[in-house]
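The chain that follows stands alone, in the form predicted on its own, written as structure tokens.
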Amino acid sequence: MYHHVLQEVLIPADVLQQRIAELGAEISRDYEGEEILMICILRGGVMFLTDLIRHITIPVAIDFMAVSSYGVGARQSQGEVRIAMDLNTPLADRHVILVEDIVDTGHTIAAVLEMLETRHPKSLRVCSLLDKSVRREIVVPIHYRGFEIPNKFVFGYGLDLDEHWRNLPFIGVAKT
């Protein structure tokens, strides 16, 4: 069980699902009559993406990128952003929403946005489940925000704790 690593449940499963439904409705309203491409940043964003698209009522295409600024087993960003897997879908003249599990310092998302802008999307927005703005070092636009969270190491619901516990249905705070 996970209890030996869990300090507290920060965001319970039902609260997560309610907010995700609200985000899906907001995106559907904002893009009514349009099609969108949602790009999920692997691996942490997968659970969020799959639940989110179930609440979107307009046509949605998806693609995936693997991006990292963390070393293996690291709990703090290492600063260097690496693209481990790039997109298969062209972005030109498409409405694109980048789906991220958490925005922390902003370095990773800023680098990805800069790269994606060179591919000439019609629009490019960010949807992040979690926003740890207290640690922000670079200003980045977050158009769709699930939750503002404190400066604590969180895991669950797609986010890992040393590559484990992504499968939990809630966001928990790790014991230090």
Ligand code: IMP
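Numbering starts at 1 and runs along the sequence shown. Please read these numbers as outputs of a predicted model, since none were measured by experiment.
Unshown form predicted together with the ligand; subsequent notes refer to it.
Enquirer: Identify which of 10, 16, 23, 159 has a heavy atom within 4.5 Å of the ligand in the model of the complex; exactly one of them does.
Expert: Residue within 4.5 Å of the partner: 159.
Enquirer: Might residue 102 be said to contact the ligand in the model of the complex, defining contact as any heavy atom within 4.5 Å?
Expert: Contact check for residue 102: yes, within 4.5 Å of the ligand in the model of the complex.
Enquirer: Can you tell me if residue 154 lies within 4.5 angstroms of the ligand in the model of the complex, counting non-hydrogen atoms only?
Expert: Judged by the heavy-atom cut-off of 4.5 Å, residue 154 is in contact with the ligand in the model of the complex.
Enquirer: Does at least one non-hydrogen atom of residue 132 fall within 4.5 angstroms of the ligand in the model of the complex?
Expert: Judged by the heavy-atom cut-off of 4.5 Å, residue 132 is in contact with the ligand in the model of the complex.
Enquirer: May I ask you to check whether residue 125 falls inside a 4.5 Å heavy atom distance of the ligand in the model of the complex?
Expert: Answer no; every heavy atom of residue 125 is more than 4.5 Å from the ligand in the model of the complex.
Enquirer: Considering the ligand in the model of the complex, find the one stretch among 23-31, 47-55, 104-112, 117-125 with heavy atoms no farther than 4.5 Å from it.
Expert: Among the listed stretches, the partner-contacting one is 104-112.
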